[in-house]
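First, one chain by itself: the form predicted alone, in structure tokens.
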């Protein structure tokens, strides 16, 4: 079991995946909240059956998977539906995260969650690492990566906690605005040494 759980978060297109991949190369176990969120609504899962019963059969695709686009549009337009879905899924996701942190084997492990603060998952970690970038760069990267309009990207950013609020919650920060790949790796290696030193104090 890991002695320390680091919560890694950041806004859209801040570089979370690149950074967690690098920590993983150092032998650190990664717990990905987004992957867990997909697993709890996998084909034939109890949660998927409840979603189908509540919203209708059309929310399940012919191959048995969740129709994510249809559900996303529904809950963005209806606060009561969003609340119902969150009440169903968040406890399942939380329990899975807790189980995975308990079975992690590296000295410390990382819980990566875009909505770490919004969904109060920071209560499950010992330290918060924020990957920080300017909103301008977030918009540029996301438009390029996802072929999204500026309006859509701004709406996603607006649905998350503000940059300043995220930074207030941070114990450690990687400013990923204009780092070269080698500078980024240097920062990650430095944090790795810091976290390993902290595990020896636990």
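Numbering follows the first chain given and starts at 1. Source: prediction; values computed, not measured.
Although not depicted, the form predicted in complex with adenosine-5'-triphosphate (ATP) is the subject of the following passage.
Look at 163-171, 65-73, 50-58, 141-149: in the predicted complex, residues with non-hydrogen atoms within 4.5 angstroms of adenosine-5'-triphosphate (ATP) sit in 141-149. Against adenosine-5'-triphosphate (ATP) in the predicted complex, the set 12, 176 and 179 is in full contact: each member has a heavy atom within 4.5 Å.
Though the partner is left out of this view, residue 189 does not reach within 4.5 Å of adenosine-5'-triphosphate (ATP) in the predicted complex, counting heavy atoms only. adenosine-5'-triphosphate (ATP) in the predicted complex comes within 4.5 Å of a heavy atom belonging to residue 18.
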